[in-house]
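Just the one chain here, the form predicted on its own, laid out as structure tokens.
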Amino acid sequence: MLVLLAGGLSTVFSQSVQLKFHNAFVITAMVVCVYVSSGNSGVISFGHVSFVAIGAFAAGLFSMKAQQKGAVFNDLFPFIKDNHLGNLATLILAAALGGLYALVVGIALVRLNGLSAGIATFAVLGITRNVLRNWTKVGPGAKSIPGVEETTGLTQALMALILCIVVAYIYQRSAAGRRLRATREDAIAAQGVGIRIYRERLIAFTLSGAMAGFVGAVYVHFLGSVSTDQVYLDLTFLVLAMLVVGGVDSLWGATLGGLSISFINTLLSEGEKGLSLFRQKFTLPTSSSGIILAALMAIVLLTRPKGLANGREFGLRGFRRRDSI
């Protein structure tokens, strides 16, 4: 379905609009990453963009030429400043660092629930942002990372999204994924049958962190540069809004929410400039896209509290409600 969608977009829209849809695939992959942990555990995380930031900054710095880094960033650690990696190597490195960071912070965070978990993960986001922004040994400081190889076109963006969906599907169908969903439905009963809640949450949190780091690398290779502001609050709330609108409880909901909100936002933004679609030109009033998008999101949440997917998964036999465990 995604391949057909990508092929259809490439034939209907202009090159500039297609680039925004490539960005939509990458953002949707981030939504899927958050779903792996928050959707299966029932504990919402505000800190997953931290792992995206770690992956993006690692891939951005290591993809730059050593001579270029030496001329622009003098304070970097030597192993960062003197080494250059190719596209595939930066993707692997970003995934490893994202997973490692998630494992370290997750040891404490997975013991929290509800509002406490939300505040703690939001604190991780703030800490990560300030470290990357102010510690010039590991980052460019307040400046952005320029000159990153732009290797993320339609193929890499699409394959990254498909890979994240496949990993999320395999995990949710695995014994570990079923155990984690059991803790989401009834933590006391899950403990009663021997499920270790914190261990299962940590596994999911680490896996989703690795996936988010990988997507962060894909993201920076799409943008060509990155700053701390690009991977902070705006991206955090956008990703969470997509997950909630699509449906927190299902992988289909995460994918549907990410794609639908991204595409609608792109069409509305282009509509303000004047969008040609099927030989017809549409023009929306200035700044109306944000109002329309917010209204649509509110309508969806009022009419379908469980999101567009309503807790259902998509399969070859149509839509079905996923079992609790």
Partner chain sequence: MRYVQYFIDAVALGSLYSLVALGIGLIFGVMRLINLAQGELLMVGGYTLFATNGWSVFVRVPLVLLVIVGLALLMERAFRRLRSAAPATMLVMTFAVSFLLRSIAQKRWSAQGKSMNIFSGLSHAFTVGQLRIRYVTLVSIAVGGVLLLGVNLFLNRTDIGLQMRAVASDRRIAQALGVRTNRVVVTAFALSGVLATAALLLFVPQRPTVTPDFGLQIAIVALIGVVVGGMDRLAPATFGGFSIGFANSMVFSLLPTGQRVFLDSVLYGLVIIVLLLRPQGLFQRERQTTRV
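Keep in mind the model is a prediction, meaning the values are calculated, not measured. Positions refer to the first chain, counted from 1.
A second form of this protein, the form predicted together with the partner chain, is not displayed here; the remarks below concern that form.
Asker: With the cut-off set at 4.5 Å between non-hydrogen atoms, does residue 126 touch the partner chain in the predicted complex?
Answerer: Although the partner chain is absent here, residue 126 would touch it in the predicted complex, with heavy atoms inside 4.5 Å.
Asker: Please run the contact check for residue 233 against the partner chain in the predicted complex: heavy atoms, 4.5 angstroms, yes or no?
Answerer: Because a heavy atom of residue 233 falls inside 4.5 Å of the partner chain in the predicted complex, the answer is yes.
Asker: Can residue 155 be called a contact residue for the partner chain in the predicted complex at 4.5 Å between heavy atoms?
Answerer: Contact check for residue 155: no, nothing within 4.5 Å of the partner chain in the predicted complex.
Asker: Quick one: does residue 77 come within 4.5 Å of the partner chain in the predicted complex, counting heavy atoms only?
Answerer: So residue 77 does not count as contacting the partner chain.
Asker: Taking the partner chain in the predicted complex as the reference, which of 100, 85, 240, 203 has a non-hydrogen atom within 4.5 Å?
Answerer: Of 100, 85, 240, 203, the residue with a heavy atom within 4.5 Å of the partner chain in the predicted complex is 240.
Asker: Select from the listed residues 165, 159, 93, 244 the one whose heavy atoms reach within 4.5 Å of the partner chain in the predicted complex.
Answerer: So the residue touching the partner chain in the predicted complex, by this definition, is 244.
Asker: From first to last in sequence, which residues of 98 to 128 have any non-hydrogen atom within 4.5 angstroms of the partner chain in the predicted complex?
Answerer: Residues within 4.5 Å: 108, 109, 111, 112, 115, 116, 119, 120, 122, 123, 124, 126, 127.
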